[in-house]
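Below you will find one chain, with nothing else, as structure tokens; this is the form predicted alone, and questions on how it binds or moves follow later.
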């Protein structure tokens, strides 16, 4: 054997040695015919509209991974995923029992947490007990990830930042608008949002002139709105989830409350908001994790120095409209598909289905799907990279108005001047 052949032989041997540990790691695991991901989801009950969007998002994610991407690449094979779910009826007691069933009967160890912070935190101890990974796509509350859970991981952006973009937008247009009213649903998620907003308000020269919460099943908000109107706030930060947010917006319109800017959680981001309120919806703002037209893509990944992974936004929207029979996707669906993309990416990075190894791989992940940047705090699992956008209804269309680099339209300010409102 000549000198060149010896060098090639030594080089190949070195490569084999380098690759050996990871190959052994995979060979040690018995690869299944499919990887089951799933969880409880609200197909009925008070979170049914948000749950329906998430359900369609998961279905589309399953289709993309299996039919377009070709399966999860592990151990030299491509393993398809299967989405498994049960209707939690928007109830905490259902969430805990269904998670037990998914883990112990269906052998699901890559869980998708239910919608809302309250349901997500209720299920977290079950996932922790069985060392199953627990991906939050609809639980934004910061407190979920401040309990020391090792297996809970967040894809949706954190709740404490939800209303900051509305304050930033108003300050850029009207520096004299400083009086803020806070009117929130009395639940885990909304309290987190309000705490984050209050801290930001204090640091940035705004003044809280009204602060009130309302019960989860509120049917009439007019007494509190009457008190708020007397305080003459410039900015209203309000809401909780869809049903109460829609009621709140309608009663604000019916009472002729004339704030300059009104940002409501969750409800304005759903197509059902404009369907229910008609022209009264125009002018309302809402924080969102993703919207059609958001410019997160390959160029974004180049800017931040990470890779792009997943379908294009155009593919996602087209497939969503097929499965939903014409309904447009909103951020609950984008959160859902992004959550499954994270599992695929993390399993491939770990080259293992061991939940501890996959969790460790998540700590190293930083990438961009069409949903936007993804990256977590390694200690808590809290999402720290994802940036939110602010939407506003204008002439019956949902527009991205903030930040400036993501705009599909300029902000309409004040609310009363918004086109299509009268």
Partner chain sequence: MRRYYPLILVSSIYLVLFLIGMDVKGMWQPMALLVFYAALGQAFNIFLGMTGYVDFGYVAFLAMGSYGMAITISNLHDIQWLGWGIVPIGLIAGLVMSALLSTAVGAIALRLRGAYFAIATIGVNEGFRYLIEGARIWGGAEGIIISKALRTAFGADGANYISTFWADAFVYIIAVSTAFVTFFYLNSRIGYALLALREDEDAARVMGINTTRYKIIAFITSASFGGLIGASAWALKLTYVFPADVFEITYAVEAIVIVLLGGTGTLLGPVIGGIIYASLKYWLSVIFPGLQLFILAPIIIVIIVVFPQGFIGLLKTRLKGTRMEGVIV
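Residue numbers count along the first chain shown, from 1. None of the values given here were measured: they were computed from a predicted structure.
Below: the form predicted together with its partner chain, not depicted.
- Distance criterion of 4.5 Å from any heavy atom to its partner chain in the model of the complex singles out 125 from the list 125, 80, 271, 307.
- Note on contacts: among 220, 258, 207, 217, the single residue with a heavy atom within 4.5 Å of its partner chain in the model of the complex is 217.
- At a distance of at most 4.5 angstroms from its partner chain in the model of the complex, none of the three residues 251, 332 and 400 contributes a non-hydrogen atom.
- Only one segment in the set 243-251, 176-184, 279-287, 81-89 has any non-hydrogen atom within 4.5 angstroms of its partner chain in the model of the complex, and it is 81-89.
- Using a 4.5 Å cutoff between non-hydrogen atoms, residue 46 counts as a contact of its partner chain in the model of the complex.
- Remark: residue 275 does not count among the residues lining its partner chain in the model of the complex, judged by a heavy atom distance of 4.5 Å or less.
- The closest non-hydrogen atom of residue 200 lies beyond 4.5 Å of its partner chain in the model of the complex.
- In the model of the complex, no heavy atom of residue 291 sits within 4.5 Å of its partner chain.
- Although its partner chain is not shown here, in the model of the complex the stretch 179-199 places heavy atoms of 186, 187, 188, 191, 195 within 4.5 Å of it, in sequence order.
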